[in-house]
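Taking the form predicted on its own, here's one chain by itself in structure tokens.
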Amino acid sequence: MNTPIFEERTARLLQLLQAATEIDCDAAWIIKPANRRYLSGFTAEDTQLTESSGSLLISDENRWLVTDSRYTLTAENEAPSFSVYTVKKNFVEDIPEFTRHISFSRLGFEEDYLTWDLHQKTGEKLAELSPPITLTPLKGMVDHMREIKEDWEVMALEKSADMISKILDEVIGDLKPGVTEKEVAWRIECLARENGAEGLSFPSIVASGPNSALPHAVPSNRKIQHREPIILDVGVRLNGYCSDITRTVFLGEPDDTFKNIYRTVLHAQRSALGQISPSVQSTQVDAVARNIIADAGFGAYFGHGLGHGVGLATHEGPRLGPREGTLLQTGNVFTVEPGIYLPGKGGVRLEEMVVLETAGPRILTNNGHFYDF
């Protein structure tokens, strides 16, 4: 067992319980896969929202990992600080059994992940207990805790970012007219596996020509052509931690319109990076990039937020956008990714992944491929 990580997970549990008491909860029910892993070390993933590989039940006196026979041994090996309970029927029907020796009355749950059906069935079964247990929202507690990365997490994210940066270097270097978007995407996935990644952070976005006007385009059989914009938005998962980087490249010199768009996006990104520091509002950073793009006449063509947190999930807090601002803090890891997308013509997006340190943001992605148009 890695002792420092074990001790930090113990501290996380105590922090969660302390926060839960502030909203009158005496226990927490954790079902979100990234949060389960963050608190316990249990790495199993859910293949879909209605199929769970396990839940954590955490109170002052108890640490339970409730799972089924597919994951019992994995849970025992990966989460030694938790008592593992293997369900006999299913989670809801087994509630009277595994709660017999647990004493709590208000159970906090992850309201942004729990399905309505499971909420209803679980609530009804808990209400039948003596004494009854009631459900109450945790209000994103664990997600907020995950926004501040510990030193070893930053190192893990840096390794993930370094891997995808090198993969992207190789892929861009091999680009040539006639290759399809799907072929490029497959090359990225092969290199990720060959280099030891657990997988991709998300399905690779490879979008050329008019397809690059779609921020989340799906790679197609379209062949890449000279002078058009080619957006590559890619990431890997390494030791559980994700990376995310975007480059827009051209095979040959683009036309003046896309030179101007590229200059504008790069200027917006670098200006936003220059505004980032601890205690700055995320909306303020977004506004810097958004105003530059608007002043260049492309305000209507930048529709998404400036960035998002990255960690055990590709998209987590903090979010950088025009609404619902938050104060950026030392230990945040997030992306800065302005873009401009002209329907039917194409787009440009540039994305860096950064960690916020006392002195400001440090870029973790290290791929070059910038143009000085």
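Residue indices: 1-based, along the sequence shown. Note that the structure is a prediction, hence the values are computed from the model and not measured.
Below, we turn to the form predicted together with another copy of the chain, even though it does not appear here.
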Exactly one stretch in 22-30, 326-334, 45-53, 58-66 has heavy atoms within 4.5 Å of another copy of the chain in the model of the complex; which is it? 45-53
Check each of Asp162, Glu189, Asp169, Glu147 and return the one that places a heavy atom within 4.5 angstroms of another copy of the chain in the model of the complex. Glu189
Listed residue (Val154, Leu114, Leu251, Leu126) with a non-hydrogen atom within 4.5 angstroms of another copy of the chain in the model of the complex: Leu114
With the partner absent here, would Leu73, Ala313 and Arg319 each sit within 4.5 Å of another copy of the chain in the model of the complex, counting heavy atoms only? yes
Taking 4.5 angstroms as the cut-off for heavy atoms, does Phe109 touch another copy of the chain in the model of the complex? yes
Answer yes if any heavy atom of His226 is within 4.5 Å of a heavy atom of another copy of the chain in the model of the complex; otherwise answer no. no
At 4.5 Å between heavy atoms, is Pro96 in contact with another copy of the chain in the model of the complex? no
Even though the partner isn't displayed, in the model of the complex is Pro80 close enough to another copy of the chain, meaning a heavy atom within 4.5 Å? no
Restricting to 346-373, the residues within 4.5 Å of another copy of the chain in the model of the complex through any heavy atom are none
